[in-house]
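In structure tokens, the next block holds one chain alone, the form predicted on its own.
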Amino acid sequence: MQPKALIFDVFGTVVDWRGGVAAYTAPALAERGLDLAPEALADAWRDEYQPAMQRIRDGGRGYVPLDDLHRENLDRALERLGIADAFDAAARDALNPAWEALPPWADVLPGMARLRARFLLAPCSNGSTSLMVRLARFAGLRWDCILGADVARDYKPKAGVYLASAAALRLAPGEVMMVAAHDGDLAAARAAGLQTAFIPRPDEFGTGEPETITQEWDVIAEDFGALAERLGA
């Protein structure tokens, strides 16, 4: 069955979080004379991402928007890297918008233009509405609406996030396709009744290797252009 809407993982699938965070933080590191690759800061910051959300998924903490989690995670990353003393609170606040300034992968904008002519498009991200709106403006992403964590008040891969996104569009889960570069994201979406599409992003973590897939997803396409081709857009 052809989907009526496509919802997308954003960090890694649509935008290059690692390259974007590294580019945004590089001037601050250089200004302080720190001998640290900006990619190392990006990786350390991202390493705190899942643990911070897991405390909320497990019920140990109420819902907190990702913007605030990112700011808390930055404190942990700087401590772990041994450079916390170089950044006061104001400097850390100035780094936090790095996650709103991430470039799209080269295939994303032309591929989205083709897909948008035929399907409703929306992020289904762990990013807050505020973060997703600002990132969309920076990256030139033309969404029909913003879905995800703020709508569900929870974090992927909890089933409620995918189901809340489908419900917000007044569509049955099976009428919605989740698009992601992450196998676990797609497994959770499929379990919730959504269709699935895998897009490999070998450069997401700087390894040149895409994430290993464990299932035969409804669509596996090399990029957004190929996804549009497969879906007749």
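In this text, residue numbers run from 1 along the sequence as written. Quick caveat: nothing in here was measured; it's all calculated off a predicted structure.
The same protein also has a form predicted together with another copy of the chain, omitted here; what follows describes it.
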Contact check for 32, 80 and 127 against another copy of the chain in the predicted bound form, heavy atom at 4.5 Å: no
In the predicted bound form, residue 200 touching another copy of the chain (heavy atom, 4.5 Å): no
Proximity of residue 65 to another copy of the chain in the predicted bound form, heavy atoms at 4.5 Å: yes
Touches another copy of the chain in the predicted bound form: residue 120 (any heavy atom, 4.5 Å): yes
Residue 146 within 4.5 Å of another copy of the chain in the predicted bound form, heavy atoms: yes
Contact stretch among 187-195, 165-173, 39-47, 24-32 - heavy atom within 4.5 Å of another copy of the chain in the predicted bound form: 165-173
Single option in 133, 109, 159, 101 placed near another copy of the chain in the predicted bound form, where near means a heavy atom within 4.5 Å: 133
